[in-house]
Structures are given as structure tokens and as C-alpha cells.
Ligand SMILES: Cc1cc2nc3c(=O)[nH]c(=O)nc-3n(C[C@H](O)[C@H](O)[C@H](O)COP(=O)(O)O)c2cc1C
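Below, in C-alpha cells: the form predicted alone, a single chain.
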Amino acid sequence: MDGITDASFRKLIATIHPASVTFTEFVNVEGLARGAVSMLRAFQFSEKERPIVAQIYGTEEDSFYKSALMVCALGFDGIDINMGCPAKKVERRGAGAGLIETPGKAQAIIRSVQKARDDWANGITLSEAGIRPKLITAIQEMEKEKKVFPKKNRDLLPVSVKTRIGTCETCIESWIPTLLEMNIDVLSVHGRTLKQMYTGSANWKILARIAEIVKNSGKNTLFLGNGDIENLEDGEKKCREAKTNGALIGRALFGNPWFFSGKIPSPIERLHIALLHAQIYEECFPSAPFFPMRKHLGWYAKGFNGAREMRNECMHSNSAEEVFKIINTYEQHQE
């Protein structure tokens, strides 16, 4: 989730109760391949987040190839191609869910990423692949600073695709076989069309049909459903009924990094986690502005007396220290 699952949020979840697998925010391959070193920030991670998958998006095959090679070099456990983002700025340029309309290009992109994965396993270097020197230097610096953890063995990384059930209408009977034809390792599908964005309800009956298509394909592709999962019990029920191999959790994590523990924290515990999140954010991004953290603080400050006032204060905070003072004041008033 862009702007949500950054290194600090993922590290927080791993600290509270790890997920089975973690995905990064998505990174634009064209910008990265052309030398946007700042984009590498989205790829920093800690060892406790493993297994961790790097998520990329775009339209250019060569840029996907170069970006996938960098993902391999950074030490990730998998590469995920986003073909499901419904944001207008993404799909209008034919990326994200826009790729549903161009199945040939979608297959070419998967093929390019798989080739990068194979070439890395066979020993190609970033220099040989034409990666810009400043990117190679930046990756080396990230390794020295322990912001990434390259692997000693060049194992074949699994390649996955995340998508939707269609654009304006459902098109799973043609779209899903198109993806499966590429022998992808994992397929994740959100139960809404591009047009729906996040309105209405995710259609798990259609996801159940996709599970049948995957099973009958004879491929060894794992299938994960996605959409409107409220808690662990709800997720297990949906997966069981649709016969998926699992599910992706997205918006249910907003202000809820303890999702995978199944625990419902008290208001005070929520606030302490909010403070911990702010502290981890500053540790991960010491020179970055604090304002991206504010939306998380707003999600934490809900469902208890005084939450509205606290939320307003948190939305103007500029450091973890200020968040500590706000929470400390609240706790004193509760005594």
C-alpha cells in the first residue's frame, strides 16, 4: 500500500506479530531504472520482516528487467508485479490495473521479470545489466548501513502478480488464464474491478471461481484472495469458503498493526503502539519529514474518550517526542 507499508510500519508489525509474508510499497520501475536513487528508500527492510517481497509497477519491459535485478541484489525473497492498482495516475498510463486491458504487454512484463530473476541466479552483475553506477553505489551503501541484506546464494526468486477481476466488467475467464500461462509462482486477486476502486463489496464468489481456474490449470501457482477482510477469523472463513491458498491483508491494517496477533488492545496500549511506531519511523528515516507519520497517528487515535482532541493534536505533531508529550498528557488526565 503506497504511503502505508513503509519500512517503519513493516518493522512495527514484525515486532508485534509477524505476517506470513510482507510486501513493500510499490515502486515505479521507469523512475528507478532511470536513476532515481531516492526510490530505493521504499526497498529498505530489516531481517525480522522476512520473508519480504518487493513490489514494482510500470509499463516498460526493460525498466522491469533492470528493477527486478536490483530487487534480487537487495536481498528480497520475492518479486511482485502490481497489475491491480486502480489509482488514475497509474492506470491511465497503462500500468497497475491498466495492464488488464493489454494482456500481451502484461505477459511481456512477466517474461522480462522472470528473465531478470534467471539472469541473476546465473551470475549476471548489475554493471553487466546496464544499471546506472549511482544506483549500484547507493545499493552498496544501503548494504553497509544495514538497510538491506543481500543474500549469499543467488536462488531463483518467486515472481508473483497482484491484479483485479477486471476493469469495467469482470473478465476472469480470459484474464486469469493469460497470467497463469506465464507460470507465475503466486497470483493475488482483489475482488473488485478497476472501475469499482474500493466501493461496494469485494466479490469472493468470483474469487472462488478463480480458485477453480487456477486448480484446473494444472499449474503450481498459489492463489491468494483479497478484499474486505475484517479480522483473522473473517479471513480464514473467506479463504476456506473460496478455497484459496491464503489472503492478502490491506486496509484492515490501517491503525491496526496488531491484526495478525488477533488481539484487541486497550486505548492506552493503542497509544503506546502509536508512540512506538513514531519512534521506529524516526529510526528508519532520520532525515525525512515527520508528516507522513501523521495519518497513522490519526488512525490510532480512535474509539476512546478524548480521541478526537488527541487526533487533532497528533495531526500537527512534528516528532516522536511531541507524540510522547501528547500521549503523556492524555494518560495523566485519565489518572
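Residue positions are given as counts along the sequence shown, with the first one as 1. Keep in mind it's a predicted model, so treat the numbers as computed, not measured.
Separately, the form predicted together with the ligand exists; it is not shown, and the next lines address it.
- Proximity of K162, D228 and F254 to the ligand in the model of the complex is complete: all three residues have a non-hydrogen atom within 4.5 angstroms.
- Although the partner is absent here, G94 lies well away from the ligand in the model of the complex, with no heavy atom inside 4.5 Å.
- Although the partner is absent here, P177 sits far enough away that none of its heavy atoms falls within 4.5 Å of the ligand in the model of the complex.
- At a distance threshold of 4.5 angstroms between non-hydrogen atoms, E331 is out of contact with the ligand in the model of the complex.
- Taking non-hydrogen atoms only, Q55 approaches the ligand to within 4.5 angstroms in the model of the complex.
- Of the candidate stretches 130 to 138, 146 to 154, 106 to 114, 219 to 227, only 219 to 227 has residues whose heavy atoms lie within 4.5 Å of the ligand in the model of the complex.
- This chain lacks the partner; the member of G250, P265, G246, P158 within 4.5 angstroms of the ligand in the model of the complex by a non-hydrogen atom is G250.
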